[in-house]
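Each of two forms of one protein chain follows alone as structure tokens, named structure 1 and structure 2.
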Structure 1
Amino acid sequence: MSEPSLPEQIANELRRDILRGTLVPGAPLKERDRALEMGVSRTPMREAIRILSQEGLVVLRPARSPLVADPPLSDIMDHVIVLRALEELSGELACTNATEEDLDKLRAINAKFESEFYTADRLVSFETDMSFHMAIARASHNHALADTHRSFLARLWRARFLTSTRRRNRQTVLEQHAALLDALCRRDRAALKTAFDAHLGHLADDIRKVFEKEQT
């Protein structure tokens, strides 16, 4: 895998600032100020902001500073429905198309997730969690599906991070990932669908509760 470009590195740092709450929803993202803070020129900063706008994390405005996105809950719920369908379709295709190399990568990601779950920074753990889901999509070997999945996952990045910090039972999350991996390795579509239902079945309700709490 090639090293990320400078704009991609900057976008990653800005994305993390959004997740940590350093950049709050609705806040202006001043290109010049952020470039000075990060010690980069305005050109890669502009490209980084464009990356985030494509992910739905930033809203561009003509002749004005872009804003950190603050989508309505209804939009987020629509994205959740689509993401769940994409995850299940990815898994279904991966049961047929995944190579042993794909499965080895999933095992490695899940082992990393388990080893750092209780000790790593919650943002690092979250990024590992999402990399597991993206690896399943890639294992479908359907590029259009994997790209679409990545796009919708990006639009739900902040919402999923917020819900990941309030999981009801952390041990349950580990068990659910293990169930997903086990079903994939056995290429058992029915078991995989059951595992996805258990893992993502509460996602919409969890997101709704987080956003309702933010409004109070």
Structure 2
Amino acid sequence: MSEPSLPEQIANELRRDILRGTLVPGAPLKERDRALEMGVSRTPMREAIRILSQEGLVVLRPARSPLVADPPLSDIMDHVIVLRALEELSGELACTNATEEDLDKLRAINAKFESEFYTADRLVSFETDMSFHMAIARASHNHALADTHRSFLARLWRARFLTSTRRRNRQTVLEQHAALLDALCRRDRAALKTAFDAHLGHLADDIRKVFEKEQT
């Protein structure tokens, strides 16, 4: 296993800052200053910013500083719609293509998620949440699908992170994950689709609520 390249490391660093709120939406990302304070040159910093722009976390403007993305609610909802389609396709394919190993991995991740539930740190439990969904996508054994799915998860990272604040939500998520896992193990397409719809419908509602609250 090779360690991530320098631009990727920088991108990870910036991503964390964005998700944690150190870098607020709409803030400019001056590549020169940022490179200086991180002790790297502009070139890899530049590439890191491109990576984040591809993930939708920053927006590029011609001849201007890149900005930390601050997408309108409609944009996020568009992403949720596509994510739902991708996850349902993943599930459908996984029902026929998933191996026992795939399922074991999923069970392991789910167990990890449940055990982490009380240990608090949101970012950690959140990353486990992500990896659960990514593991389902990978179980489809469709590489293109898994990649695209991962990209959409990344784009929704911030919005989902904000909704994961409330403990009540996390409890619901726990149950929904169990439903997903169960349906997949039984290779029950219909049940899996239903579970995804519930999970993502819930997500859409939560995001809407967070936005309304932010409005004040």
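Here, a residue number simply tells you its place in the sequence of structure 1, counted from 1. Rigid core: the largest C-alpha set superposing within 1.5 Å between the two forms. Since we're looking at a predicted model, the values are computed, not measured.
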Which of these two chains, shown alone, is the form predicted alone? 1
Can a Cα shift of no less than 2 Å be assigned to residue 32 between the two structures, given superposition on the rigid core? yes
With the core lined up, does the C-alpha of residue 46 move 2 Å or more between the two structures? yes
Please check if residue 207 moves between the two structures, taking a CA shift of 2 Å or more relative to the superposed core as movement. no
Report, in Å with one decimal, the C-alpha displacement of residue 13 between the two structures after core superposition. 2.9
